[in-house]
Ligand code: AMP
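Have a look below at one chain only, the form predicted alone, in structure tokens format.
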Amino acid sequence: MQIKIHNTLHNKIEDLKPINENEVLIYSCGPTVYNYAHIGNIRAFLFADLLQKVIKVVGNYKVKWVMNITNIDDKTIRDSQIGSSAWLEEMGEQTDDLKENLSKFTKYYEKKFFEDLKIIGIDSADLFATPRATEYIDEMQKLIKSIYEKGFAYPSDGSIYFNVNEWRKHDTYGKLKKIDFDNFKSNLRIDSDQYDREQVSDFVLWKSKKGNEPYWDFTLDGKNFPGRPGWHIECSAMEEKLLGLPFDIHTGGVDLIFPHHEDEIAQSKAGFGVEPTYYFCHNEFLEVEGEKMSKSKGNFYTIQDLINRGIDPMNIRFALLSAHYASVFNFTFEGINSISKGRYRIQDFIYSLFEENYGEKSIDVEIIREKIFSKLADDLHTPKALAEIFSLINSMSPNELNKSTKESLIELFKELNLIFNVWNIEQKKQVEVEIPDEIIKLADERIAAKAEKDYTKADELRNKIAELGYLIKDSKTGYEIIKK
């Protein structure tokens, strides 16, 4: 089935036409491993995961998917020097070796990141490679030399910058985002890795060593520039090394469109003579209760934060996949609870397909499959695909269906679960778990608190239940307690 995706390069939905006949090459901007990933980050990785799954299952292609790990930048250097008990307890004490400290610090948060991916249903085995920036210093230096030798970079104060004004004489700068150059100042330099998304400037390719920082030697024109790579350059170097240029699809959040991805295009074309990719695909932001997520507002959540509040990670995944990736997602606890009921309805329908109660009704499952898959093929429209699934389960009782139809529907849901990965495609297991009296008492106290509209106390009790190893799920008849 023909896959269509929105290409930010041309601001329209286009047919996916891979470079290779049977394989799609994808590069995703991965995490900067200096802290735990928040749910806004997770949405970007879920989008990339959804994309590669649809391409495989619906498009019937093989996929080579690369996601980089940024383990050196302003933030990782800053926080690895300060240290924290969390990473020190697991990774060992700090030493006088600044590179070793940086490695220990970032490997700790890299490990936590992949644990979160597993919890949210992303299989790291689907990734062809997860390269760390510090493992590709040589490749970055070679690329910077090439850019410099072609006249599109210059040294200043021990750093090396990409010359945007010079590049504009040869090619367009602003292929992903319309840029107002009226106030552009030639040779205005930005040294920080991340900066104002409206600020057009020469960007740093190689940053000079400042203070007590880990650094690498870099010889250019016979002069040594001790320092480390800028943030943008790592992706261009890794892409060329692992996928070759151009590759098919580059993914990331809309916050990366400018400057990060725009700078990637410029430096790749300047250094390698070719643009990095044919399709740039971006997911929209995630808000919390209608506001931008931030620690200062108290609405900043990691996956573990939500689990501690009693939320099933599969309900988080289902909720995020229930919205189209290109729309802003407003995360609310009420919304998660409401959306999760839809997942349970589909799950109950799947369980019913395994029951050996057969009727005489027959339906053409292939027509249903085509309807659902066509929605997924059309720019990954998961809301429309789920609407087709709900239309199916609302239109019949599984016990009306004959054996052949039930078996065909089971196979369909197996295929769908290769994409959504939120259901159990098996006969329902009846497992009796004895819930301690202490947990039941806390759950009853929580229900009483909710009845009195004391939601602060109710949240505290739910968190306490979670700390003791149980999840509590509200239902129409009261609540259900599940052992983690």
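When you see a residue number, it is the position in the sequence shown, counting from 1. All values reported here derive from a predicted model rather than from experimental measurement.
The form predicted in complex with adenosine monophosphate (AMP) exists for this protein as well; it is not shown, and the discussion that follows is about that form.
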{"property": "Stretch in contact, per heavy atom within 4.5 angstroms of adenosine monophosphate (AMP) in the predicted bound form, of 29-37, 436-444, 411-419, 450-458", "result": "29-37"}
{"property": "Proximity of residue 255 to adenosine monophosphate (AMP) in the predicted bound form, heavy atoms at 4.5 Å", "result": "yes"}
{"property": "Non-hydrogen atom contact residue 65 with adenosine monophosphate (AMP) in the predicted bound form at 4.5 angstroms", "result": "no"}
{"property": "Contact label in the predicted bound form: residue 52 to adenosine monophosphate (AMP), heavy atom within 4.5 Å", "result": "no"}
{"property": "Contact flag, residue 45 vs adenosine monophosphate (AMP) in the predicted bound form, heavy atom cut 4.5 Å", "result": "yes"}
{"property": "In the predicted bound form, the one of 200, 303, 286, 243 near adenosine monophosphate (AMP) [non-hydrogen atom within 4.5 angstroms]", "result": "286"}
{"property": "Residue among 293, 393, 363, 220 with a heavy atom within 4.5 Å of adenosine monophosphate (AMP) in the predicted bound form", "result": "293"}
